[in-house]
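The chain below stands alone and is given in C-alpha cells; this is the form predicted alone.
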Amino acid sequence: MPFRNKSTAISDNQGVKVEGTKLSAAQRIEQALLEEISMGVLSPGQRLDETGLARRFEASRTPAREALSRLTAQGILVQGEKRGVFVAEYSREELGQIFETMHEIEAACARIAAQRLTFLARSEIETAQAACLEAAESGDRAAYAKANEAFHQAIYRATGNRYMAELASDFRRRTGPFRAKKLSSPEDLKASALGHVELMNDIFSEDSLAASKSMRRHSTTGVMQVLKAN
C-alpha cells in the first residue's frame, strides 16, 4: 500500500514506491487487482481486459497483460474459451473442497503460531483486531475487509514459516470474492470481529491444541456463512 516518504514521484510506466520497495507497473496493477478480488469488488466471473486496465492505471498494455498473466498462473483468474480473462468462479462442490483445504491449513497455522508466538507477532494480531473492531463499529465494509485480511495474515506470519504463510495466503486470495458476500451488513461485521476474540485468546494462551480447535470453529462458521451467501 502506498505511503508518504521523501522519494521523488515516479511515473506509472516506471513504477512507484510502495512501502519502501519500487514496484513495476505490472506489479502495481497485480497488487490492486488482488486487493479488489479479495474484497469482492471484482466478482467471480467478471471479465478483465488489458486495454481497460491499461487505461485505468495509465500504463501501457504490456504491464497490464503481464499482471493478468501472473494472476492467471496463480489460478486467481482464468482464461475464457474465447478472448478475455475472468475472475475465477467455482461450482458449489469445488468451493466446498477449496474451503476444506483452507480450513486445514489455517488450523495448522493457528497451532504453530501458538507454539512460536513472539511479542511482535502478538502485537500485530492485536493491532489488526483493534482495526477490525473499529471498522465493524463504524460499519465500514471496505475497512473491515482490509483489517480482517491483516488479522489472518498476522496469524500466518506468526508461524515463522513463510511457505505455510504463502500457501494460506493463496487460498485466501482464491476465496476472497466468495468470503466478501458474507459481510453484507453492519451486524455481519460485528459478528465476524467478535468471532476473532476466542481465536486470538487461544493463540495467546500458547496452547497449540486449543488454538487449532478454535481456528477450526472459526473457519467452520465462516464456511457455512459463505456457502449460504453463495
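Predicted, not measured: the structure shown is a model, and the values here were computed from it. Residue indices: 1-based, along the sequence shown.
The discussion below concerns the form predicted in complex with the DNA, not included here.
Chemist: Out of 31, 43, 161, 62, which one falls within 4.5 Å of the DNA in the predicted complex, going by heavy atoms?
Modeler: None of the other options qualify; the answer is 62.
Chemist: 53, 39, 168, 26: which sits within 4.5 Å of the DNA in the predicted complex by any heavy atom?
Modeler: Here the answer is residue option 26.
Chemist: Which one of these stretches, 148-156, 78-86, 115-123, 95-103, sits within 4.5 Å of the DNA in the predicted complex when only heavy atoms are counted?
Modeler: The contacting stretch is 78-86.
Chemist: In the predicted complex, does residue 47 have a heavy atom within 4.5 Å of the DNA?
Modeler: Contact check for residue 47: yes, within 4.5 Å of the DNA in the predicted complex.
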